[in-house]
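One chain comes next, on its own, written out as structure tokens in the form predicted on its own.
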Amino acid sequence: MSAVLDVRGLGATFPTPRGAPLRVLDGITFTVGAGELVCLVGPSGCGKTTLLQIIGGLRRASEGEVLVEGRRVTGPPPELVVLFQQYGKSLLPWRTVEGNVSLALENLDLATDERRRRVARNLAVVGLTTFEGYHPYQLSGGMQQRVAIARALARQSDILLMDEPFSSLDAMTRAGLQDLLLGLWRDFKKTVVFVTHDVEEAVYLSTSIAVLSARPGRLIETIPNDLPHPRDQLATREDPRFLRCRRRVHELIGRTMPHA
């Protein structure tokens, strides 16, 4: 499997109002192969979101580099798209669902008919065909996140970076979107890097799990996840392999916590 994402010796240090600079990430190195779904987990404040922002070209590293398909990241690469945690703030409230999805296409050289077809196709994929004329405030949280997913898919980028996209949703909506993501990942052959603080979510979704230490975030271990597909919210979570993987991740994170 070829590496489409290569993170090399990444570190991040931020200035503070008083005292010494804050070291957030330290020496992060890993690769992501084409078609993998890698989850990043670790204690709160360990730099997961910062790492994702650096990979996406939204923030600069203090040292190290990121390569996307062999090219050094110096700004947002066209091969990837970022899906943010605060989906409500990422949607434009004055635009309809259709208008929000089409936003991803406005700097592409597409004919009007092709733009409309692409928007309609991706709204159908996330189950929002009949809601194209609604505005974000008229939708539930889960539906708003579906709009954000449709917009990300419309761009037809090869790599999706997802920053805790389901964390603020209720359990049933979250489970539905987890299964939606797995279906999209399978059908569209995307490469996904998914940040979550939820260990069970990481085990349910991933092909591998990258575990970060408490701040400054260091990569402790990358755990392969061989749970079979398709996955099921009940049967998969009762699988002994799921339980062993969950336990291993919790053990690794626990060792880095201040009380350990």
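The structure presented is a predicted model; accordingly, all values stated were derived computationally and were not measured. All residue numbers are counted from 1 along the displayed sequence.
The same protein also has a form predicted in complex with a small molecule, omitted here; what follows describes it.
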item	value
Contact assignment for the small molecule in the model of the complex, among 31, 62, 207, 49, heavy atom within 4.5 Å	49
Of 132, 158, 179, 164, the one that lies within 4.5 Å of the small molecule in the model of the complex (heavy atoms)	164
Contact test in the model of the complex: residue 228 vs the small molecule, heavy atoms, 4.5 Å	no
Residue 45 within 4.5 Å of the small molecule in the model of the complex, heavy atoms	yes
The small molecule contact at residue 24 in the model of the complex, heavy atom, 4.5 Å	yes
Proximity of residue 197 to the small molecule in the model of the complex, heavy atoms at 4.5 Å	yes
Segment that reaches the small molecule in the model of the complex - one of 220 to 228, 198 to 206, 65 to 73, 49 to 57, heavy atoms within 4.5 Å	49 to 57
